[in-house]
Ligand SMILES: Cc1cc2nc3c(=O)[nH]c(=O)nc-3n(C[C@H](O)[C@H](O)[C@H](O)COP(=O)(O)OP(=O)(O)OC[C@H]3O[C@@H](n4cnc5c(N)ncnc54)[C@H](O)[C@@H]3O)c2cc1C
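Only one chain is included here, represented as structure tokens and corresponding to the form predicted on its own.
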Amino acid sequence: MSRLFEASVKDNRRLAENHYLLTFHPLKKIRRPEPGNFFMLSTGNGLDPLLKRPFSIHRRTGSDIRILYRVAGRGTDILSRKRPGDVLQIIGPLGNSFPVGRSRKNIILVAGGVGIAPVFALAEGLIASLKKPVLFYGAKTGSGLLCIEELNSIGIETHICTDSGDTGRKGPVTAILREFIQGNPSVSEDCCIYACGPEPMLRSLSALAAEYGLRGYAALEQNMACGIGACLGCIVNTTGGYKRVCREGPVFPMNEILW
């Protein structure tokens, strides 16, 4: 089955400043995307912009796919102007997914900013399979916290924090998680962490997981040119050598990444 397809835009809503939720409907049958997988979207028409942009799957409702994104440059600015009925050129789903089948008894989810996109998809699947993960979600300010109502609606225990302190606890998400682990020693027994967010957050989280001897997986947010492993533009250094985030990732065991 080819991973190149066209899709029709069904909705493209502004959620907060510079943050949007895009819903598209594939115009042919595609492979079932899993939490952690991503799509490469053409944001413009023709060859401008030339390169597709990578976006993690956020939700799948029936045959519709939802993408959560932040306007960060020309490509995403063009994408934010798409309207219902517009047609997108897409490749995907690509990459690997979170290894949920090997998840432990205690599951901790960690997200930073728009990194909630794949973490939400994972949380929704875990809840549906009767698992009870705990989510730690942080951002610089409250305006960077997305999908809070949706998180509440699926019934996941969520700990919110911001650097500014204007919403939730004040401080980095790793500090809040450390307090939680210290206050609940049994959590570290048979535990696994799944995370996505900015690299500094993932680096700190990896160190925290190593300190407490916890297994963890991180979905890396990386700039990509091709999305299929041909251009070697998204290389990350690991204990097993350099690997392509788009091909061998984007999900990696935390203890294998050389930050």
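Please read all numbers here as calculations on a predicted model, not as lab measurements. In this text, residue numbers run from 1 along the sequence as written.
Omitted from view is the form predicted together with this ligand, to which the following refers.
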| property | result |
| --- | --- |
| Sole residue of G142, G125, P172, G75 within 4.5 Å of this ligand in the predicted complex, by heavy atom | G75 |
| This ligand: the contacting residue among I65, L68, L205, I193 in the predicted complex [heavy atom, 4.5 Å] | L68 |
| Candidate site G197, M254 and I257: all three near this ligand in the predicted complex by heavy atom within 4.5 Å | no |
| Candidate stretches 197-205, 54-62, 210-218, 25-33, one within 4.5 Å of this ligand in the predicted complex by heavy atom | 54-62 |
| Residue contact check: I107 to this ligand in the predicted complex, 4.5 Å heavy atom | no |
| V114: touches this ligand in the predicted complex, heavy atom cutoff 4.5 angstroms | yes |
| Any non-hydrogen atom of N223 within 4.5 angstroms of this ligand in the predicted complex | yes |
